[in-house]
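Next comes just one chain, in structure tokens: the form predicted alone.
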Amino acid sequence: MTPLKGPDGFNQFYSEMYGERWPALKEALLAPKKHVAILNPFSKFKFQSTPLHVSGISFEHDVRESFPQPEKTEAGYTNYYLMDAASILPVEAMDLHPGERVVDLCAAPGGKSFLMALKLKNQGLLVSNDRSAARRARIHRIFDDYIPKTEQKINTITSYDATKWSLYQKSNYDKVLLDAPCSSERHVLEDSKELSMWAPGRTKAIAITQFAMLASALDIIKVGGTIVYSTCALSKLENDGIIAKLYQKRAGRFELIHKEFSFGEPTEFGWQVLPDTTGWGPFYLAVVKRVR
């Protein structure tokens, strides 16, 4: 039987993957998004009301149903950065320390690089990478809007093909964030044109590229270094499936570091945040440590 495509195929595919949970999960994906506002310490901005907090997020932040769009203060820097709370977890999972050499492998639009810069405190090296010139321009804007030039001395923006980086550098970094391009099913559901073109081969093709990026990342970190692999995908082919493939193709070269957070749930190899139970996400992460 030929697999269904479009909205019917989408529903069939994810219903088979998530079972009885799928209707509630789909409804949550279509609900309005919540945001966390991460305070920019360089802006001299202060929240007017008492901030609400998401447990486990170390950055000073507030969480509301909605916020005004970020804007620059008299200090000349944008006051806060809006994110899904689940999108902050991979930066927390990296356990960054000043002086480390770090790569944000698929960095645009730049929010996670901004958070990593705050953690590194202008000590070490932060490489923010994206192949697209337009997307690299967005990273530049984030840095310039949020961080003084004097605090950007460790920041470098590059244009490598993430799948081939290991051809040019090996064993060079302490930590890598691979927030991989993914199916982004929430976006697909919200876009009728995208949904009409959806087919099961979409997630399978994306997974091939994701694995190539992760295999390359494993080569560019030092022995003892760690990779946080993350996606905003629901498809298990792009999440635990990628780690399962790493076990098949790179056995003995890595081990997993299991992380737990105050919201979300464990998977076979990592951690997942889904909106039907948390109001955040979808988001997946796994932490890989290179051992040889």
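Residue positions are given as counts along the sequence shown, with the first one as 1. Computed from a prediction, not measured in an experiment: that's the story for all the values here.
What comes next is about the form predicted in complex with a small molecule, which is not displayed.
- Per the 4.5 Å heavy atom criterion, the small molecule in the model of the complex is contacted by stretch 158-166, the sole one of 120-128, 193-201, 144-152, 158-166.
- This chain is drawn without the small molecule; in the model of the complex, the residue among Ala108, Ala207, Leu89, Val102 with a heavy atom within 4.5 Å of it is Ala108.
- Residue-level contacts in the model of the complex: of Ile221, Ala85, Ala180, Leu96, one residue has a heavy atom within 4.5 Å of the small molecule, and it is Ala180.
- Although the partner is absent here, Ser171 lies well away from the small molecule in the model of the complex, with no heavy atom inside 4.5 Å.
- Using a 4.5 angstroms threshold between heavy atoms, Arg135 counts as touching the small molecule in the model of the complex.
- The closest heavy atom approach of Met213 to the small molecule in the model of the complex falls within 4.5 Å.
- Put simply, Lys175 is far from the small molecule in the model of the complex: not one heavy atom of it is within 4.5 Å.
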